[in-house]
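Single chain ahead, by itself, as structure tokens, in the form predicted alone.
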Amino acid sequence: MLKTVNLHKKYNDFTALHSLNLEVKKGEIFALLGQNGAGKSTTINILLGLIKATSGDAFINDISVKEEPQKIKKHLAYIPETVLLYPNLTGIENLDFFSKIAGFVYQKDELSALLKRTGLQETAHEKALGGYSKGMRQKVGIAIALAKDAKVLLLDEPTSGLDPIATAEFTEIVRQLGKEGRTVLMATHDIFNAVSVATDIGIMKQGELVQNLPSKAFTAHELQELYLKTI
């Protein structure tokens, strides 16, 4: 569902991404670990078509990002560290608006059902986003991904700033997405969460993927030790 082939990105003399080869299959959850500047966000931005690779290519559902950047968008959903929604609109209104932009029209009860699937409490559906916590906004973001039936989700630091309860809720939602056959690529600093939710873990350093391992091979403590040795 998601594949990069010798993906390379250079800014003048600075190499942000060096020959990245990565494959994430249907239903897999891949966690990318690495310090700031390691190349995680660059990878996501290329996959989204927001920046162009210097060389190499990426594929979403066998569609070339380089050749058909608009076509890939219907298969993708992006949930950034801070989900940007309209604070003056309610949860249902935001979901309705962004669903329609993606070409999907739902009845109010269907929108509510999508929000319920993410665990957003029903009492919040009709409240303005300005009063939502970060975890609640993320649930609306996931509901938008479900509404547009995205097959691949790109998450950038999804648990940053979440309290333990919200992190646990988010982890369970992502785990369920994998069970539904959706593919998830998650850039994160959260080693514990990576071990808990991911099927595979990659460690990036200076634009290179230097480790690519199944998450079941490690405890969180062992992964932390490997991470510190690697970076």
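Start at 1 with the first residue shown and count on from there. All figures in this text were calculated on a predicted structure; none of them were measured in a lab.
Heads up, the form predicted in complex with a small molecule isn't pictured, but that's what we're talking about next.
In the predicted complex, G37 approaches the small molecule with a heavy atom inside 4.5 Å. Although the partner is absent here, R175 lies well away from the small molecule in the predicted complex, with no heavy atom inside 4.5 Å.
A residue is said to contact a partner when one of its heavy atoms sits within 4.5 Å of a partner heavy atom; K66 fails this definition for the small molecule in the predicted complex, lying far away. The closest heavy atom approach of K26 to the small molecule in the predicted complex falls outside 4.5 Å. Exactly one of the stretches 163 to 171, 194 to 202, 29 to 37, 55 to 63 approaches the small molecule in the predicted complex with heavy atoms within 4.5 Å, and it is 29 to 37.
When the small molecule is considered in the predicted complex, only one residue from E157, D149, E93, E110 comes within 4.5 Å through any heavy atom, namely E157.
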